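For reference, the chain that follows is the form predicted alone, supplied as structure tokens.
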Amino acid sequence: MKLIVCGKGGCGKSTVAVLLSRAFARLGRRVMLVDADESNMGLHRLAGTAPAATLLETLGGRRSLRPQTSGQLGEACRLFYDQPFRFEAIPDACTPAVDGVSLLKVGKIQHFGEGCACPMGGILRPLLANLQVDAEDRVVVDTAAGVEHFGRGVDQHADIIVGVIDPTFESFKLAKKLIALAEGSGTPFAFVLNKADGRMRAGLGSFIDPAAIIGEIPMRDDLFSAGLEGRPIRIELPEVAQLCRRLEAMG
């Protein structure tokens, strides 16, 4: 099963993606957490993995994604663009693992003037389209903030889209947009409330149908501190375990 986690910047996508990945691993699933946010430099710390090369670097960098004189992509990229492949084909150098979760970073903006993030987005779609998963495999994609991944057509290659909503008016408004975009992709969609309480549920009711919400993660000091300090999130929450089971039922 392939899951895309999305939402506005600061809503807690990365926290939710790590919590889901670890909870799936505790259920005995083989898990790959995909860092598809080119501006997030700290997901590996929340996941507890060692720093590693990005997939873009491993494939030869930006130049390898440009057609060569023969009109073909660089040889290192062909696997991800032209044919189905499995977890095992992804180089170990860019998939460090801890506690049953492998982390794959697609690409990062590293230097001033290096160009836009289009190559990173360009890798993600064929990666998800061609990656073959078994029944017990879980791919959890932490996307960049906003809706660009919908514009690129990435979400049609996922099994479920998980929208994360935090207690802000901007997040509530984006939730309505996410519903419309998800319908266009044809991919099942559900919401998770982050830092949830009764006031949030009451305010959100005028924006989306409460039936679209399949899970809630309460505000917790330990989660806040882990995010603030860049420490691994190793917290077990019954709410997240229940959310994993609901997502598996949807998939």
Ligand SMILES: Nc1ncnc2c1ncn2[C@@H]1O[C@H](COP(=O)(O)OP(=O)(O)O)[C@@H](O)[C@H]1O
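Residues carry their position along the shown sequence, with the first being 1. Computed from a predicted structure; not experimentally measured.
In what follows, reference is made to the form predicted in complex with the named molecule, a form of this protein that is not presented.
- Exactly one listed residue, out of R220, R26, R30, R201, brings a non-hydrogen atom to within 4.5 Å of the named molecule in the predicted complex: R220.
- Stretch-level contact check against the named molecule in the predicted complex with heavy atoms at 4.5 Å: of 183 to 191, 203 to 211, 49 to 57, 220 to 228, the positive one is 220 to 228.
- Of the heavy atoms in C11, some are within 4.5 Å of the named molecule in the predicted complex.
- In the predicted complex, none of the heavy atoms of R45 sits within 4.5 Å of a heavy atom of the named molecule.
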